[in-house]
Structure formats: C-alpha cells, structure tokens
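Shown below, as structure tokens, is a lone chain in the form predicted alone; questions about how it binds or moves come after it.
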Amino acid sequence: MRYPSIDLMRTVAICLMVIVHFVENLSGQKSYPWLPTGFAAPIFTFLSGISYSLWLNSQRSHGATEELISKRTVRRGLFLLGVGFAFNILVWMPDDTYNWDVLTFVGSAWLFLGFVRDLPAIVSVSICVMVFVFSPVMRVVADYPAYWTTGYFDCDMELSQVSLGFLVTGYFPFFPWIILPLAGYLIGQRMLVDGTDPPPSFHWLALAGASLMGVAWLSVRFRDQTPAVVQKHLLKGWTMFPPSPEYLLTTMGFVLLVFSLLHQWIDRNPRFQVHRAFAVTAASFSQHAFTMYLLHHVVHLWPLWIYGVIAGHDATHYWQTGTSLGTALTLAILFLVVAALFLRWMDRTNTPGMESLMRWLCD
C-alpha cells in the first residue's frame, strides 16, 4: 500500500537535498538562513525505518518465512553498503572510501533493523534513549574534533580510525543516527497497520514531536546559562557535524510532527484529493529516491572534477568555488525539473533504476 504522505515527505527531502548539495558543493555557500541544511538526512533516515517496516509487512503477507526475510534483509543491507562504498570511490574520491555517508549508514541500519525487528517496543525505545544519552560521551572519548581539523571528516586508513568513523566520528555515524530509522520502524509497525478498527491514533505522535522540538528550543535558549563543560561537550547548538542533542531533538521532533500531521490530513482523509499530476510526480520521486541520490551527485560533481583535470588542476580544485550562489541555485531547480520528466519517462517505459536492481538481486 502506498501512502501519499510518505511520498510527499520523501519528495520534499529530495528537493532539499538537491538544493543544499548544489549550493554548497558548487558555490561553497553554507551560512544563508534560508538554506534548508540539516533536514533532508533526518527525513531520509526516518523514512528508511518506515520503509523497512512496510517491506517487512509485505514480505510476511506474501508468506515469506522469517529465515527468508532475514536473508533478504542481509542482502539488501550489504547491497546498500556496497553501493555506498562504490559511490564514495567513484563520485567523491578513493580517499573518501570510508567517510561513512548516508548510503553506508542506511545499509547498516537495515542490517540492525533486521536483527532487532522482533524486540519488544520498550526495548527498542530504551535503545534510542541510551544512544541519545551516550553518543556525546562516545564523541568525547573518541576525540571527535581530531577527525575534523580540516572542516570535513578525515581519517587514516587504519582499522581503529575507520571503525571509529563508522561508530562515532564519520559523516553519518551509527551513534546517534540509528535513532531515526529505529524510530521510523517502531512507528511503522504500530501505526501503519491496515484493517484495525478504530485505526491507531496519531495525536500522541504529534504531541511527542512538538514536545521534542520544545525541549530543543529550551536547550538552545538556556545554553549560555549552563556550565562551560556542558556547552563544550553536550549542548553545542545547532550542529549537524557532530549531530548535537539540540539538532537531534529538533529534527526528530520535526519528522514525527510532520509525519503524524500529513498522515492524518492526507492518508486518512477521504475528502482530501491530491492533484493527480502532483501525486504522480511525488510518487515518482519517492519510488526512485535511491536513483536520485546517486544521480544528482554525478550530475553536479563529475563536471567539476572533469573540468578541474582539463584545466590542469587537481580534480577537486573547483569544489565549492565553481559557480556563484545564483547559478548553483538555478542549476538545482533546473535539475529537479529535468529529473521529474526523466523519472516519469522511466515509469512509462519501465526503465529499471537502482531500486529495481536491488529488488532483483536481493529479493
């Protein structure tokens, strides 16, 4: 079953991702208040947990055994990890093989969800709380700033540093990012259940989301009144690298609130009619989110690398200096328009994307 609310959220995440990446990677601009940095990844990772829940229910409804589901989960997780490493090498550079980006994280998250899928909800919630509490401590122990001295994640090709990158210090480390897909899985398992009468209430979810955002606001508001050690190691303000408690609370609250409201207003409201063209476009973006993630990087980064080499420089010479802000934003919007047409062509002609390849290989 398709949920228009999920399609809409994933489409919004794709648009935010494209705009932010084009602007940051092409022009180097990061400080504009209107630039929606920091929201696309939480939406994607939260929805990856929702997706695993829906996929799991589909597998069970079609008679797949628990053993078969486990095998397919492992294959999918390893596929995402493998594509993630190939993406790091071919799109970024071999030096960034172990930067632990979104794809490698989502792959590890699927493996983890497959392992904990039958745990009692209270245990999974406790895991989320413990990860949230101990992740800042783990960053202190691992000396997180030592891996970001140049403004981006950089580690030596040593097992200890690569492992710490995966767990704590990388771009999207397992701790604390696993909170979002695990929360998405729990919500999908308990709220997106067909045939229940009355259907599960989403009011508590909206209240929980608003409460988390309120706590985050209070943390930011009164940060200056806390001890210096708290400001240095815990309440660091709005930072995605590292993902501060304020950032996690805000983005988690945001996705919970938005998901609950959209599900109530769109999925459960028979009087709500989404314009067909808009619904089809959102469904296309949502179904091909994996393909879009890879494609938009290739489209805007490879020309920079190629031009840098042709001009006689290092391949990354024009990274973040290649265009002006206006040009980068224009190219991002143009890409989204062309991508919408391209994805509709893929749907009409049944042209396979990365999603089809994953299903073919893993299911």
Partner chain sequence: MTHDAQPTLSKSPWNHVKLWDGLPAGTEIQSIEFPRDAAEGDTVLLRFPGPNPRVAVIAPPVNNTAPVVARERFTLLWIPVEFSEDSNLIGKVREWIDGPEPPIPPESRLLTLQGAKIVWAPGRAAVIVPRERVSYVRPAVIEFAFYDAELRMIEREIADGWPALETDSPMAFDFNEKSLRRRSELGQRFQRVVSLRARLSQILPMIHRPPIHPPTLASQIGDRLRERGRLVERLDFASSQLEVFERVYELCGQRASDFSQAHKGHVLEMIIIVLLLGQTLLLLVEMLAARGT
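What you are looking at is a predicted structure, and each value in this text was computed from that prediction instead of being measured. Residue numbers count along the first chain shown, from 1.
FYI, the form predicted together with its partner chain isn't displayed, but the following is about it.
Thinking of 60, 122 and 161 as one candidate spot, does its partner chain come within 4.5 Å of a heavy atom in every one of them in the model of the complex? Yes.
Tell me, yes or no, whether residue 266 is in contact with its partner chain in the model of the complex, where a contact means a heavy atom of each within 4.5 Å. The answer is no: residue 266 has no heavy atom within 4.5 Å of its partner chain.
Do residue 102 and its partner chain share at least one heavy atom pair within 4.5 Å in the model of the complex? Flag for residue 102 set to no.
Does residue 258 make contact with its partner chain in the model of the complex, using a 4.5 Å heavy atom cut-off? Taking the distances in the model of the complex, the answer for residue 258 is no, it never comes within 4.5 Å of its partner chain.
Within a 4.5 Å heavy atom cut-off, is residue 250 in contact with its partner chain in the model of the complex? Residue 250 lies outside the contact set for its partner chain.
Work out which of 168, 183, 262, 283 lies within 4.5 Å of its partner chain in the model of the complex, going by heavy atoms. Only one option qualifies, and that one is 168.
Interface residue in the model of the complex among 220, 137, 230, 74, criterion: non-hydrogen atom within 4.5 angstroms of its partner chain: Checking each option against its partner chain in the model of the complex, the one that comes within 4.5 Å is 137.
Among 205-213, 239-247, 112-120, 80-88, which stretch sits within 4.5 Å of its partner chain in the model of the complex, heavy atoms only? Of the stretches listed, the one contacting the partner is 112-120.
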